[in-house]
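In the block that follows, a single chain appears as structure tokens, in the form predicted on its own.
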């Protein structure tokens, strides 16, 4: 295969937070209901929606993650089509983009909390090693709470309590709840041991109530903001976006997406604990884990001028294989979704440049070169300096200093 030619482009520095001042915080409304690593900042999504779409247009995000594109699209009067490998998407969206016209009742929530605290049914996650992550008495307490939650009517209040339980179940585990991967540490073990010396059950119940009340308030703020007007929304978790079969004739007016980062794509591992509490079985999780980029071999070798230069620098076959897998499967996803774009539509891809083997990999440039040979013109590359990041010096970090910027690649379909 002939490598794509190098493409000249001027990178323009911007601040999406300054360009979209109406968004005052990244976690406003329901953006903060669920923890999700490497979240798409809503300012960048809003900018693309305002610049490249019109009310009533449909936007696709094949790496939907926590649903940032979906919520911003609804707030801007656009329809959204969301896909993601993680089953969690189908639990996030009905609450994060609540479509009810009436505010939720704090009194009803309190009734449901009372039912949970007094319930006797237990739920046992389908995971043989669940006990590795919990002190026995805390695990038993959580099994009772989750058992009662699963007996509630399947409505929005149950979703509120599900989201709150996910947070407290991680907080009261041996897993570091501030880390982007499932990770057990000595410091967290000491923290849990300290909790067990006191009235940990009252503390857990209090935290669950507070989380649930906060979530209800955020959802009600969204209800007031939308004022009963929610555009059409489609979401599907647990799917391989690269092989997803779109309905014949389906068209999108824009793609806005932030793909996984190179060397940081193990999102299923991050949410393994959550997925088992939600009721998924080992075979369910093994199925989507096998489709994650780090565990798939490349079915083709992507070549571009920049990518070939990176390959020539790498010191091991393992790193070359990781690079080939990443670009093969990430670009398969974009090829599949961008084939549904109408002529003149934009694909807005937000990504950072990690370091591999000491070399900075300009992922946006590889994408630009690849699509320049496939009917897309590079319209702009916007560099947004990262204002805040969470680094973990105690862990083996592939990019210990963090990425300084993220880049919005804007491609126009010819």
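Note that the coordinates shown come from a computational prediction; the quantities given were computed from them, not determined experimentally. Positions refer to the first chain, counted from 1.
The form predicted in complex with a small molecule is left out here; the points below concern that form.
**Student:** Tell me, which of 38, 345, 29, 378 has a heavy atom within 4.5 angstroms of the small molecule in the predicted bound form?
**Tutor:** Going through each option in turn, the one that passes is 38.
**Student:** By the heavy atom within 4.5 Å rule, which residue out of 149, 241, 304, 169 makes contact with the small molecule in the predicted bound form?
**Tutor:** Residue within 4.5 Å of the partner: 241.
**Student:** With the partner absent here, would 77, 225 and 253 each sit within 4.5 Å of the small molecule in the predicted bound form, counting heavy atoms only?
**Tutor:** No, none of 77, 225 and 253 comes within 4.5 Å of the small molecule in the predicted bound form.
**Student:** Any of the heavy atoms of residue 63 lying within 4.5 Å of the small molecule in the predicted bound form?
**Tutor:** Yes, residue 63 sits close enough to the small molecule in the predicted bound form that at least one of its heavy atoms falls within 4.5 Å.
**Student:** Using a 4.5 angstroms cut-off on non-hydrogen atoms, would residue 84 count as touching the small molecule in the predicted bound form?
**Tutor:** Yes, contact at 4.5 Å.
**Student:** Hey, in the predicted bound form, does residue 296 get a heavy atom within 4.5 angstroms of the small molecule?
**Tutor:** Yes, contact at 4.5 Å.
**Student:** Answer for residue 267 alone: is it within 4.5 Å of the small molecule in the predicted bound form, judged on heavy atom distances?
**Tutor:** Judged by the heavy-atom cut-off of 4.5 Å, residue 267 is in contact with the small molecule in the predicted bound form.
**Student:** For the chain shown here without its partner, which stretch in 195 to 203, 307 to 315, 169 to 177, 285 to 293 has non-hydrogen atoms within 4.5 angstroms of the small molecule in the predicted bound form?
**Tutor:** Comparing against the small molecule in the predicted bound form, the contact stretch is 285 to 293.
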